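Taking the form predicted on its own, here's one chain by itself in structure tokens.
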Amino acid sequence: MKIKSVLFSLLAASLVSGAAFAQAPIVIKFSHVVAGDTPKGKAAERFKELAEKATHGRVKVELYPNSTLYKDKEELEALQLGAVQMLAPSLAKFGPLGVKEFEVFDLPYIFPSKDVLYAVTEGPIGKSLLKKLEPKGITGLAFWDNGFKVMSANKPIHLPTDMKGLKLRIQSSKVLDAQMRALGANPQVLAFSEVYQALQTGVVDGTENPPSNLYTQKMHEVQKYVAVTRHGYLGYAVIVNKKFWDGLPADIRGELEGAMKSATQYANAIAQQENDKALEEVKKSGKTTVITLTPKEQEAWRQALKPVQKQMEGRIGKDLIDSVNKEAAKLGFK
């Protein structure tokens, strides 16, 4: 009888623990390198809220902002290994991964407006680019907007010639390297989390970023000038580990896709206002002079950086660059 009683107790405990295990939520670790109050940080928060609500607690999204889990160079490898399930890296990160076509987003002045940008990211070009990630074990879910970049330094920046000889921090991108060299600057690849200290100690002289990234990382505190050049674009691709994503129950995956769609609409809606607000805060700080370029100065920048597009055709693909320019032409831009 004792043995039967013990066996019954073990069976009951097993059933209880099995039921508890079955009810345990699916955890999505979502790591990113920027602050929580940036457009990307806020969009990640929105996705977490929507995903957990839509799945009635069957999914738990854990957010790790500000490089608290992984830095720039580590996060993609961590995703491929399954150490994290979701990232939203900047589009420049995919070139070093071997998907060089994503570097089309780094080309200076390729997007004359947000309308052209969205025609690319939300249309066939964007879908085909995300598909190229699948052989790397990555599923692309969406593009999140941030904004057009400004240049910062400790000297006034009006013309491209003002950049000559400056050490400028860039992401690891052959296009961004070529861009800085076209301006006569010396590009320095650094992880995003290391930029503030590098600016503070003079390891680099300046950087490029959308205003929201510059402000939330307090870079304006160690940079005397910011020029509103709008020379390049910074956006993100929200990606997941393909094996993890494919292994989700179909109904859960569907709910998460819906949550991602809503979070993407939110991200793209707030990006511009967040950057405008950040630029105003930089001005109010009194620590940095914000320079608005004249039309003549802006044109000088365009002309100085125009050769980069031709130079990168062999790397990115002439057809892809031409297809983006055709989207711009459809909307009235030459």
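Note that the structure is a prediction, hence the values are computed from the model and not measured. Heads up: residue numbers just count along the shown sequence, starting at 1.
Omitted from view is the form predicted in complex with a small molecule, to which the following refers.
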*For the spot marked by V33, R169 and F192, is every residue within 4.5 Å of the small molecule in the predicted complex through some heavy atom?*
yes
*asked:* Going by heavy atom distances of 4.5 angstroms or less, which of D72, E255, D205, E103 would be at the interface with the small molecule in the predicted complex?
replied: D72
_Proximity to the small molecule in the predicted complex, single hit among N241, Q223, S173, S90 (heavy atom within 4.5 Å)_ = S90
*asked:* Please determine whether L129 contacts the small molecule in the predicted complex, using a 4.5 Å cut-off between heavy atoms.
replied: no
*Look up in the predicted complex whether Y215 has a non-hydrogen atom within 4.5 angstroms of the small molecule, and give yes or no.*
no
*Answer yes if any heavy atom of S152 is within 4.5 Å of a heavy atom of the small molecule in the predicted complex; otherwise answer no.*
no
*Distance check, Y236 to the small molecule in the predicted complex, heavy atom within 4.5 Å*: yes
*Look at the stretches 159-167, 109-117, 178-186, 206-214 and give the one with heavy atoms within 4.5 Å of the small molecule in the predicted complex.*
206-214
